[in-house]
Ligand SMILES: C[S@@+](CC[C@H](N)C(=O)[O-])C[C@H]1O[C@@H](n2cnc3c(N)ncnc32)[C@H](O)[C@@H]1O
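Below you'll find only one chain, the form predicted on its own, shown as structure tokens.
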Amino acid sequence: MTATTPARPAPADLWHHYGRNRAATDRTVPSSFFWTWGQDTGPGAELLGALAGRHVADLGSGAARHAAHLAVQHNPAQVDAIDASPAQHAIALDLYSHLAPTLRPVHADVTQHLIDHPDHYDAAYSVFGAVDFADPRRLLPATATALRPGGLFVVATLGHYLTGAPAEPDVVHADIPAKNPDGTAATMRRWVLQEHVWTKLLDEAGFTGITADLLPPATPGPRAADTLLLRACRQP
């Protein structure tokens, strides 16, 4: 008789509750696209360049609101809204399945999906998404792999912790509060890194033409934060 190794239980979906209340009342396709933490000011989708006929990846797309805007307003060939959370994927399907095939919600580990799709995308972006919550030492090289040579990568991430504490000077994560689906307390990893750390990681991952801009919040407040906006291209 051969012993078998029991399958590991699936990890708890720590994004189960996120955006659920909004999804119940707001089913619209957003008319605007913002990179800033407050989602109320600053540059928009023009930073991704001309998207007509192109394949685009939203890394850690959540409910796919940014992806839906691009699908409706910018005429891409396809936008893949990739998220590992079963709950977020289900919300995206419920809200925007009518935008298929231009918008394609993808339930997958973002890093592994990118590894599995080399030279597939013309552009990729993360708006406080997977770049914040996946190990950048794996995710950034995977993104370079998935982009076609010269493909554009744009990232909006926190310029500092929401507590006001400065970003990390090295590649380390913080454990931040989260909730299990049953409401009990949990933690998840988040990478909040200084500009020079992100720049070094992008360079090592195979990107060139790296730029960084710090965007202040439009309205000060206890949860306001600077946005670090990063842009780079996969090496030709």
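The structure presented is a predicted model; accordingly, all values stated were derived computationally and were not measured. Start at 1 with the first residue shown and count on from there.
One more form of this protein, predicted together with the named molecule, exists but is not displayed; see below.
V72 falls outside the set of residues with a heavy atom inside 4.5 Å of the named molecule in the model of the complex. Taking non-hydrogen atoms only, D94 never approaches the named molecule to within 4.5 angstroms in the model of the complex.
Proximity of I82 to the named molecule in the model of the complex: non-hydrogen atoms within 4.5 Å are present. Put simply, Q88 is close to the named molecule in the model of the complex: some heavy atom of it is within 4.5 Å. Among A134, L103, A146, V155, the residue placing a heavy atom within 4.5 Å of the named molecule in the model of the complex is A134.
For the options L114, V127, A123, L140, the residue carrying a heavy atom within 4.5 angstroms of the named molecule in the model of the complex is V127. Proximity to the named molecule in the model of the complex, taken as heavy atoms within 4.5 Å, picks out 60 to 68 from the listed stretches 201 to 209, 42 to 50, 60 to 68, 178 to 186.
Residues A108, D109, V110, V127, F128 are the ones in 92 to 128 with at least one heavy atom within 4.5 Å of the named molecule in the model of the complex, listed in sequence order.
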